[in-house]
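In the form predicted alone, a lone chain appears below as structure tokens.
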């Protein structure tokens, strides 16, 4: 079955404003030691109303993140089509319907997204958690009809030999996206391999980097980087999901772990169709501050040295002096206002800067207050194991850097409040 989604999402997608004048080079930017005020424009104008936030400051922040950090936000495809590859109404011990959908959004040479969807039987339309996974849909279930990626896959995942996935990996990482647990709680879930849209390596021209034309004037240092491509891929998944009668289009939550947590936060900021945004252990370049005060946390210098392709080239220049950044990551959370955002962390994962992430929520709060929520964030970080389910929510558990069924319990607890 093939569906045309050509007109889906045209009005719903956030529009990123182009600055009235070229943004300055790094050496022309002022030094800002503390987190920049989320309600102060670059020219010093103070934002005091929701209208001015939405029409002036929010578009300005999006343009800054594009130019200096994540690269250009790609245009929405003119045509998006979907083909259901299989559907099993008796999957997950009969608790849910499992299907995989091939999403096409450009010429034949463009990559395709393979979206694995699990929906609770008898409880639709359902709220749905959406996001990319690390090594392929087949890692999340033993179902033999689920596609094995043909794209490059990192060799640290089960069943991968010479960067090629195999059937040996089926179901070996089911705990990271526990499909049955999710549908038993009445939620749907939709996920795709991040490498469908852009494999996670910098030295090969492949995926969307190989197929999209260069911007006018050639390379500028603000070309679309990998995290932005992954976020854009989440938007293409939504293009299909909003047409799926088993999914409630008004109750979509974007979720991701680690670098895909960075992706989830960016995807939520740049697409208002996500009702809830959940970046898990996303750290530097995600929910963690660039102006870090945690000596154990990853820095801009370290992350842009190790993973330069995740961000645009301009971001690398801030590694030696993050005070030159005209924003920090609280601004990305603020762009999501008034939608609920949940930052989740682990005590032993100081690399992801859990304390700094709570600081980002606090600094984002003024944007949420413009919408009438006078207490959008807790006065202090909650105790370990206790969820703060404020509109700017926070959770930290014991343990290390991972995504587990217990983390999903927290996502769904937050969803029980905000995805009603």
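These numbers were taken from a predicted model, which means no experiment stands behind them. Numbering follows the first chain given and starts at 1.
Separately, the form predicted in complex with ligand GTR exists; it is not shown, and the next lines address it.
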**Request:** Would you kindly say which of 73, 307, 152, 327 lies with a heavy atom within 4.5 Å of ligand GTR in the model of the complex?
**Result:** 307
**in the model of the complex, the one of 318, 134, 114, 229 near ligand GTR [non-hydrogen atom within 4.5 angstroms]** = 134
**Prompt:** Exactly one stretch in 121-129, 98-106, 299-307, 269-277 has heavy atoms within 4.5 Å of ligand GTR in the model of the complex; which is it?
**Reply:** 299-307
**Request:** Spell out, yes or no, whether the shortest heavy atom distance between residue 35 and ligand GTR in the model of the complex is within 4.5 Å.
**Result:** no
**Any non-hydrogen atom of residue 400 within 4.5 angstroms of ligand GTR in the model of the complex** = no
**Message:** Quick check on residue 259: any heavy atom within 4.5 Å of ligand GTR in the model of the complex?
**Reply:** yes
**Message:** Is residue 351 part of the interface with ligand GTR in the model of the complex - any heavy atom within 4.5 Å?
**Reply:** yes
**Partner contacts in the model of the complex for 161-200 (non-hydrogen atom within 4.5 angstroms of ligand GTR)** = none
